[in-house]
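In the block that follows, a single chain appears as structure tokens, in the form predicted on its own.
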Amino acid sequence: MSGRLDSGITTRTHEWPGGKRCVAVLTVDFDGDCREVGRKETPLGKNSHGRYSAKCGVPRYLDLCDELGIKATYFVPGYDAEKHPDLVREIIARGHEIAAHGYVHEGWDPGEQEPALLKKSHDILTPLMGKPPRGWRSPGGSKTEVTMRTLIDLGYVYDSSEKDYDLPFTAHGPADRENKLITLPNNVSSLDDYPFYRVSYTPPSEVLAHWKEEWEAIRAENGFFDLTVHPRVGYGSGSPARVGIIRDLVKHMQDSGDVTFVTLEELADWCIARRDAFARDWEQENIGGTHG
């Protein structure tokens, strides 16, 4: 379904789960000390930010979600799952989704090692979850046709790595695979805590004001709101004040009466059941290679 704004811009609107005007997802990128280990840094002292995730950040988000009555998607690197299996099990026991996010949060192109790394993390998460993970987000933004082929072979149903669209869309898959993947884009510029706390060092109160503005704009377009937070300390959102603004934001959104909070897995299944409504004309876009 489409319409036009007064500016003449064509917009696309969709029905969303729960019959609400908008759909929203809280995605928590675990990102423990796997980042430092992957970069061959000793995760102590100035490099100890990631250890905060399992100790304080993730437990705070679990309690917050219980308080607000929402379910979140936790992207967990394989290394962090190995180190904190009981916490992964608790995330699942409290009704949340676990999705894959690299092994040591590879912030580089893993090249020919990528299929093995994807399978390694997949095999770590599967027994902890009691079922295979169904979603993946690139830990560093890198993605190729090999990535897509491997994800399809492992049975994934969605990828949350692309940045070039506001709504879910059918993924651009390799020609030699039957492609059923849905892309659930994540906005790492304005709906991710990293640039605010690591780059501009913005106070939480100002971040909250910005995210409320983003929400109201997305609400006006009947859209998809995907907020990404990191439960680390330092550049992340694991500390009390930074978790506190997530509470204020979600309550603000809930008070509107216009939003349903779901996990990315639930949203992917919703979109797959209505695949034609989320189709994207890749031939017309003429994108070289396969990037999502």
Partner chain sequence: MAEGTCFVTFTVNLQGMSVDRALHGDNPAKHFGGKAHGRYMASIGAERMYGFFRSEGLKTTTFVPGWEAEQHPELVRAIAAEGHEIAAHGYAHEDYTNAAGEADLLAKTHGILTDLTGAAPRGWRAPTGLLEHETLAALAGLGYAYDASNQDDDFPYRLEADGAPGMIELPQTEILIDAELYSRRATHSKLRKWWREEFMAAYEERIYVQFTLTPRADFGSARASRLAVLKDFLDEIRALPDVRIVTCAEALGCIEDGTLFCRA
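Positions refer to the first chain, counted from 1. Computed from a predicted structure; not experimentally measured.
A second form of this protein, the form predicted together with its partner chain, is not displayed here; the remarks below concern that form.
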With its partner chain left out here, work out from 263 to 271, 64 to 72, 219 to 227, 238 to 246 which stretch has heavy atoms within 4.5 Å of it in the predicted bound form. 238 to 246
In the predicted bound form, is there a heavy atom of its partner chain that lies within 4.5 Å of any heavy atom of T42, even though the partner is absent here? yes
N47 within 4.5 Å of its partner chain in the predicted bound form, heavy atoms: yes
Contact between T202 and its partner chain in the predicted bound form at 4.5 Å, heavy atoms? yes
Quick check on Y197: any heavy atom within 4.5 Å of its partner chain in the predicted bound form? yes
Identify, from the list E90, D109, E213, E206, the residue with a heavy atom within 4.5 Å of its partner chain in the predicted bound form. E206
Restricting to 50 to 76, the residues within 4.5 Å of its partner chain in the predicted bound form through any heavy atom are R51, Y52, K55, C56, R60
